[in-house]
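Consider the single chain below, provided in structure tokens and representing the form predicted on its own.
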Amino acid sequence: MRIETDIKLDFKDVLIRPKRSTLPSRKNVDISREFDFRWSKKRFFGVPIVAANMDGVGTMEMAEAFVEEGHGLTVALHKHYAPEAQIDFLRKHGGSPVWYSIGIADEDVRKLDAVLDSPLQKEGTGIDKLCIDVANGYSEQFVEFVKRTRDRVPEMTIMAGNVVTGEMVEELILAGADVVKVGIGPGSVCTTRKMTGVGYPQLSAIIECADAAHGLGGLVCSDGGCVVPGDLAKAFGAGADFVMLGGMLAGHDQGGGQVIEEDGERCVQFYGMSSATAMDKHAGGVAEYRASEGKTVPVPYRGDVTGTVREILGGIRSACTYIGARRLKELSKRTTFVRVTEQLNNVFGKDRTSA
């Protein structure tokens, strides 16, 4: 046993210090990014925000809404679409708006096989981005799966995770991942930290993992913990290349969830993909050897996602103007974090929305 005494920080523990700026308006800020992926050699251009591969968020309808908006946001489709549905979507929109999500079970491999064997793939209009997603990215089995997948699809961009430490980021990048997904336990409907005692404060995880990834020509995607637009600014300021959102995009028409009445308010059920709700729906219940590591909560019904996306993007643009960053790429170079945990807790208690 050992104890690390270095201070580790979450989004709530810091604010971004303002700096002198020559930007006359938010509209002068370019929040798109351009990346060349290390292994696939493909190029990304767009706003590097990804809808999480969760029920109610990572849907084809969400991807279609993002395409209509034209900002270049992408969606990590949830894992439970049938291959036929995936192929139909690709036939209409191609692969650029989405990351095709799989786990490492045999059934996931069979579904991937079906999509890769489709004529669309042979024509070059199939999937070009793959998200290999497990709760615990520290297993040798997972690393070997990433290696085998890279060997099989050398031309495909691969995002893999989740991990929270630099050495594992390096291992996954060297195994073939272009982007490593960072985050264990920070999500709004994730209970891993409570159920297992395992996790890592998200802001510090981004800083450390981005440093490790960028040294090898890889990228990181911050996954979880963002509850307000300012959290995305902090994630990008900490060095995240992509940010994945779950709860912030839940409750919208494009999520497909049933709108219910609760205490006189219109709500939509939102749940973690390791929750009992998700496992009852997709796996026939919680297996006897494990426990649920997610919860089910009602979120306010928010209508069309377009307004939320514009609010998020507006918040990021505004953050850039406060520190003089003309492009999103400059945000991390111009960010200075100020620790505020004690002061904010004294004034606002635990309600972050008051801040």
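Since the model is a prediction, treat every value here as computed from it, not as a measurement. For every residue, the number given is its place in the sequence shown, counted from 1.
Note that the form predicted together with a small molecule isn't included here; everything after this is about it.
Student: In the predicted complex, does G239 come within 4.5 Å of the small molecule, counting heavy atoms only?
Tutor: Contact with the small molecule, no.
Student: Residue-level question: is G272 within 4.5 Å of the small molecule in the predicted complex, judged on heavy atoms?
Tutor: Within the cut-off, so yes.
Student: A210 near the small molecule in the predicted complex, any heavy atom under 4.5 Å?
Tutor: Contact with the small molecule, no.
Student: So in the predicted complex, does C190 come within 4.5 Å of the small molecule, heavy atom to heavy atom?
Tutor: Within the cut-off, so yes.
Student: Answer with one of M244, A177, V220, A235: the residue that has a non-hydrogen atom within 4.5 Å of the small molecule in the predicted complex.
Tutor: Answer to the contact question: M244.
Student: Flag this candidate site as yes only if M54, G224 and G294 all have a heavy atom within 4.5 Å of the small molecule in the predicted complex; otherwise mark no.
Tutor: Spot residues vs the small molecule: full contact, yes.
Student: Just one stretch in 66-74, 310-318, 29-37, 46-54 has heavy atoms within 4.5 Å of the small molecule in the predicted complex, so which one is it?
Tutor: Correct option: 46-54.
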